[in-house]
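One chain comes next, on its own, written out as structure tokens in the form predicted alone.
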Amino acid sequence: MSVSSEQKVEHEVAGPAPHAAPAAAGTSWWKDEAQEPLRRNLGLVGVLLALFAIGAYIRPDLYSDADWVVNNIMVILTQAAAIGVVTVGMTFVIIGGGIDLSVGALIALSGVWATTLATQSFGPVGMIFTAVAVGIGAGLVNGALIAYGRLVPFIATLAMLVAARGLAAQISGKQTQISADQFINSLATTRIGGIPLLVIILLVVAGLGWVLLNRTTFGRRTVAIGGNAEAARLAGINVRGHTMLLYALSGLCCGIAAIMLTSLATSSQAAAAELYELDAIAAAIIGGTLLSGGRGTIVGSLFGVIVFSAITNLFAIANLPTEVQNMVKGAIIVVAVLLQQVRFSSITQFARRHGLTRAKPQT
């Protein structure tokens, strides 16, 4: 198969880029299938506004102070930064038809390895390189087990979760490792133009992720593989190699998040980032990423992360226990998955079938 014919078939499998789908003639934006991500993102903005209104109702004494509100918004964004970076990688994996349950353990392993006395002796560059290298290496192992070992992603990444936690505990001796590097520790407190550096890092990672997904062949191939892996293979796409790259990308994001969390806590331990995998998956789902693969947006996932961070912040302000917060998160995940299964077209067909609306006249 020639290069030109391969690219032609690949384009037919992957379809146009997510941003390029034109609206049907005479179709309003809120009915157009191509505008579904925009509608979902606007809905998430509405959720954020509703959370703000609830907070203002519960604690009017706090929300009446403009300086406190601005500072609280920065706190929410800072808390969302590390998990947001992880969610970017998770979004790619899920769009590609996979799942990664090991992200929390990889963050812990990367952080522990980066904060050993031997690693810290190389300074901040050595610590950052170590965290990123460990994340990418573990991600490649996940990808190899899935692509070439033909293991189900759930099983492969679950095994990595257990193994990485165990290795992190072995390296740290089940003790908290203190970061003595001032540069790493200062990342959490540095602000540029009033914006926390961690938030800027999140925005940069999300921006690069958006470009990679929407403006490159890599992104189109990811969507194609997630939509129909066999068709993508027949189109000439190296599905196995691409799968390894997706999990390596997820590992890279884990390495970056490990440095961010180390900066926030000025330490690292084997128990760090527990349940981050569930938060990342939930945020991606809330943002419109299909668990079955083939569809998703970076912007939507970012909004999902911020929504969960805002919920956590609201619960802290209201002095509600963590147990209630976890129950609410679980309910949100269930509702989000159910909503993904209900399409506007299905509702319209149901309404027409039962005479609730008039059918569109034939032209």
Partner chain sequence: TSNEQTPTPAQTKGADDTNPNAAAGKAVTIGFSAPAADHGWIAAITNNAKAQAGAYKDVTFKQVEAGKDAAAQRAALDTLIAEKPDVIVLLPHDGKELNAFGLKAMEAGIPVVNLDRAFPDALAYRLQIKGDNYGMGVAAGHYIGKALKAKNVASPIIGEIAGMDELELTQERSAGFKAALATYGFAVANRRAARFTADSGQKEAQNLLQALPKIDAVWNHDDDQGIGVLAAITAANRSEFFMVGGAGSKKAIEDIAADKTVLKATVTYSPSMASSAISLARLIAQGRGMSDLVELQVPKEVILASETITKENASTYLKLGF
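If you're wondering where the values come from, they're calculated on a predicted model, not measured in any experiment. Residue numbers count along the first chain shown, from 1. Basically, rigid core = biggest C-alpha set you can superpose within 1.5 Å across the two forms.
Not on display, but discussed next: the form predicted in complex with the partner chain.
Taking non-hydrogen atoms only, residue 121 never approaches the partner chain to within 4.5 angstroms in the predicted bound form. Within 4.5 Å of some heavy atom of the partner chain in the predicted bound form lies at least one heavy atom of residue 265. Of the heavy atoms in residue 41, none are within 4.5 Å of the partner chain in the predicted bound form. In the predicted bound form, the partner chain lies within 4.5 Å of some heavy atom of residue 261. Checking 109-117, 251-259, 125-133, 199-207 against the partner chain in the predicted bound form, the stretch whose residues place heavy atoms within 4.5 Å of it is 109-117. No residues of 284-300 lie near the partner chain in the predicted bound form, the criterion being any heavy atom within 4.5 Å.
In this overlay on the rigid core, residue 53 has a C-alpha that sits less than 2 Å away from its partner position between the shown form and the other one. With a cut-off of 2 Å and the rigid core superposed, residue 70 has a Cα displacement that falls short of the cut-off between the shown form and the other one.
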